[in-house]
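Quick heads-up: it's one chain on its own, the form predicted on its own, in structure tokens.
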Amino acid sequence: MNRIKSKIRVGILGCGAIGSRIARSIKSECDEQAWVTGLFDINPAKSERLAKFLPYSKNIIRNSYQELLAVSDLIVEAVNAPDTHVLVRQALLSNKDILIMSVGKFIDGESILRLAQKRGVRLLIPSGAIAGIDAIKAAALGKITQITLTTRKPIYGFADNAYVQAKRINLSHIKKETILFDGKVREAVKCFPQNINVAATIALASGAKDRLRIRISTSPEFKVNSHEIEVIGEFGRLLTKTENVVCPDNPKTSYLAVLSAIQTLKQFFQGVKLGT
């Protein structure tokens, strides 16, 4: 029992596909350093379903967010709700470390970063479905003159997009690579909310969101989601490209984004951080 008490207590906020995979991975990847002590979801059925897959599932379902905070040292946020910003703030004010999956909610997240620093708690933001965040953070110590994110997605990925519909773009008529959007990150957030996690991560890492340009394109030839980043600055030039397969549990999420979160937690629990 003493060994268990020495572990980091993890609360899962949001027990959908992403939260569930992270919770199960804590057992398989971080069993000696951490354990899940609480589950909370506004849909109790999701918490109950996840609890069945955890070896210590007895009495870990919590009836409120406050109950979850009370039994946790670290919160894994995986809800992407309208009040995500409030939930994260509550965790920080309760002096809980927190890993954020819905980073897109924090495109202007400087206040949350300052609060974490003030409270002396750790705010973990995984790299997600892109490569190069370590280099972008380093480059940000000098001057970044240009930064561009080009996202390419299959045509079906835009079928229900309000911006595409408002522009009366007929997706069935597209025969080659076509740029659907080319503009600033804040406008991209409004027009293509499904891409905001990647854009927000780059914005926060670079500290140059006012210079961040977003291009979004589609083509019948595209079979996977890809993200290409170009950064030019005093350090030189960076170019990365990631082609993502979808998460087996959630087709709306890139598998790499979930793996990135698990690796972030693993390094945090073990106290070893590789890369910048």
Ligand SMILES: NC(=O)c1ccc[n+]([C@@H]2O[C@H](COP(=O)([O-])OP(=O)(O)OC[C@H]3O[C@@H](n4cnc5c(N)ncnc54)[C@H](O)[C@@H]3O)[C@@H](O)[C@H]2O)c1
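The structure presented is a predicted model; accordingly, all values stated were derived computationally and were not measured. In case it trips you up, residue 1 is the first one in the sequence shown, and so on.
Beyond what is shown, the protein has a form predicted in complex with the ligand; the following relates to that form.
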item: Candidate stretches 152-160, 96-104, 111-119, 202-210 - the one whose heavy atoms come within 4.5 Å of the ligand in the predicted complex; value: 96-104
item: N43 within 4.5 Å of the ligand in the predicted complex, heavy atoms; value: yes
item: Residue contact check: N80 to the ligand in the predicted complex, 4.5 Å heavy atom; value: yes
item: Heavy atom of I18 within 4.5 Å of the ligand in the predicted complex; value: yes
item: Proximity of G14 to the ligand in the predicted complex, heavy atoms at 4.5 Å; value: yes
item: Interface residue in the predicted complex among Q33, S219, S226, N250, criterion: non-hydrogen atom within 4.5 angstroms of the ligand; value: N250
item: Of L87, L180, V76, I133, the one that lies within 4.5 Å of the ligand in the predicted complex (heavy atoms); value: L87
